[in-house]
Each structure stands twice: as structure tokens, then as C-alpha cells.
Ligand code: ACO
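The form predicted alone is given below as one chain in C-alpha cells.
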Amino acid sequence: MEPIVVPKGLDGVIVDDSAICTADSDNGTLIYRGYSAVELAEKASFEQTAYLIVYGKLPGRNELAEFSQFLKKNEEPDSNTKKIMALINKDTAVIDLMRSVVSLVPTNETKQDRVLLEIAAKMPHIAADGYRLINGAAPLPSISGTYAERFYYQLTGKNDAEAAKYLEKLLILYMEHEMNASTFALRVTASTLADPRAALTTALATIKGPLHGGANDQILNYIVKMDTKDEAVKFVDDRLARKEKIMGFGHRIYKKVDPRAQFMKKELDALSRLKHTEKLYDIAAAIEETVWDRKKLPANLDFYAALIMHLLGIDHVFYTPIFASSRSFGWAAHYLEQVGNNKLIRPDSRYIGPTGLKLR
């Protein structure tokens, strides 16, 4: 077969069919299994959305109860895993700890969907328990409540249902985004028929990069230091004059508007009023307006997510782990879809190196 030359980075290349998710760059929409992701964030729970992503339909009452109970039952790592986490170097990034632990964490299930969900259920505890253990602190106990309420407690030590609702909406919007870098990496691994643990480890390694999931904790570095909108405008102009990237702007798919970012912008407005920190919202909005005016780059989800998490009192070390924990349910769906209609993913490359060299 004649080779097909595609754009570098596979930009604009369709590599497979998927029924899980689609993003529309022209209309600025994101669809999960036929439903608007923004509407799900507004009206559905995390558990309902996760079930939808993995199984392709919204759960009935009994299905939701069983699914929610499964996540609760499997959220804590076993005692041996905690012992291993306590031995990890305290300078290790939490996302690196998660990658290492997921690669070896034991599971009780045998069916692929249940194995994937069992590991996904543990992600919040792996992140929070691991961070505390490597810093010489004891893990927090599990509490009752929704997935988001339990996750928020593990992150902050606060049992706050109102704050957890803001986190829940963010988690829903982080859950899935079609063939992004970590998902594609996971599907490559899955296509070799490697087990779910190996595929999830691949995805966790990929999501760390600053061009994917590792950028959100950098956004605070510049915003929290500003006091006025004028400073925000000057910051943007100075960065652009030096041809430096402004984290939180631009997206491979969304060229005009990221619907997730605009939804969370409204949530930030409400939360900043609740916290009496309207200045933070005003500065963020000024940065967004200036970047769009100067470069026509839209704010992406990470931009407003970082500010939401900051106001919720979540330590920046957890920002990428939060992204990964939510996305693990999307990864589960993609693993199942890949192995359900599998072909080994093995592209070619065009050799541009020397030939004909001889040993002397």
C-alpha cells in the first residue's frame, strides 16, 4: 500500500471512529455520548456522567446506586500500597506518584470494565493519601457523601457540600475530550492488548506534560500577583512582546471559544462573589479579553479551572492529579472501545537520516 503522509502531530487526521465524545470547533460545543457536556455539568452528578461515559447511557436508579456504591467501596488503596507510597521520595510530584502506584496497585475485579473502574475509583485517594504519606502525615479517613464531596474532603480536609458542587462541575468537564494526547497514548497501549493497568499508566505519563494537563498549576503563578486590570493588560502585552506563551490560552480544537472555559468562567464569577474575591475574577476576565484582542486565542478550561481550585482552597500540587482522576473514566471508556474493535496502532515514519555509512 502506498504510504499516506499526514501533518506533523496528526493535526486534523481522523485515526478511528468513536461513539464516546466529540468537540465542534466551529460551534464551540462538547458532546458526551450525545449529551452536551455543559448541560451535564449543570444538571447531572459526577456519578451519572461517569456511568454515561463508560457504558454509553445514563444510568437508571438502581444502576446509579450500584455504580456509586462500587466507587465508594473501592476508593481506598490497600495497606501494602500505602506502605509503598510512604517510601516514595517526598520531592516526587503527585502525578508521578499516581503513575507509579497505578502501575502496581492490586485489583480484585476480573472483567475489564470493572478493573478500569476499580483503579479509577482509587485515584483521589492515591493522590491525596500519597501526598500526605510522602510528607510524613497520616491519610485522612474516608467519609460518606457523593464522589465529589469525598474527593474534596481528601484534597482539603473539609466536608463542604457547597464547595464540592463547584469541584463536581469541573470534574465533569474534565472527564472526556475525544482523541487528546493522553487518550491516544492509552489507545496505542490498549491496541497491543496490554492490560488496563498498563494503559492507564501510559495515560498518566502523558497527561503530565505542560502542553496537555500539566499547565493548570502554572496559571496561578502570574494571576495571583496582580492587583488591577491594568496590570493584567500590561502582563499580556509584555509576554507577547517577548513572544512568550501565556498558559491557559489556545486549544488544538477550539479556535474561537472553549465551551468548558466559558461555563467555568460563570462559576468563577459566582464563587468569587461568594468568597468576596471579585478582584480575581476581574483580573482573569481582563487577561482573557486582552489575549483575544491581541492574538485571537480563546481561554481554555485550564485557565478558569486553576482559579476555581485556588478559591476552593485546593493546593496547586493537586491540579493535574484532579484532571487525571476525572479523565480516568474517559480513559476507561476509550480502553473498552479500543479493545472491543481492535487493530494494533503502528504508524510508519519517513526516514530522513543518512545512508551508506561505512565502519572504518
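Since the model is a prediction, treat every value here as computed from it, not as a measurement. Numbering starts at 1 and follows the sequence shown.
Same protein, other form: the form predicted in complex with this ligand, not shown, and the subject of what follows.
- Residues of just one listed stretch (328-336, 42-50, 297-305, 66-74) have heavy atoms within 4.5 Å of this ligand in the model of the complex: 297-305.
- With the partner removed from view, the residue among 104, 240, 140, 193 that has a non-hydrogen atom within 4.5 Å of this ligand in the model of the complex turns out to be 240.
- Think of it this way: in the model of the complex, this ligand has a heavy atom of just one of 220, 246, 179, 226 within 4.5 Å, and the residue is 246.
- This ligand in the model of the complex is approached by residue 212, whose closest heavy atom lies within 4.5 angstroms of it.
- This ligand is not drawn, but in the model of the complex it has no heavy atom within 4.5 Å of residue 279.
- In the model of the complex, at least one heavy atom of residue 260 sits within 4.5 Å of this ligand.
- This ligand is not shown here, but in the model of the complex it comes within 4.5 Å of a heavy atom of residue 252.
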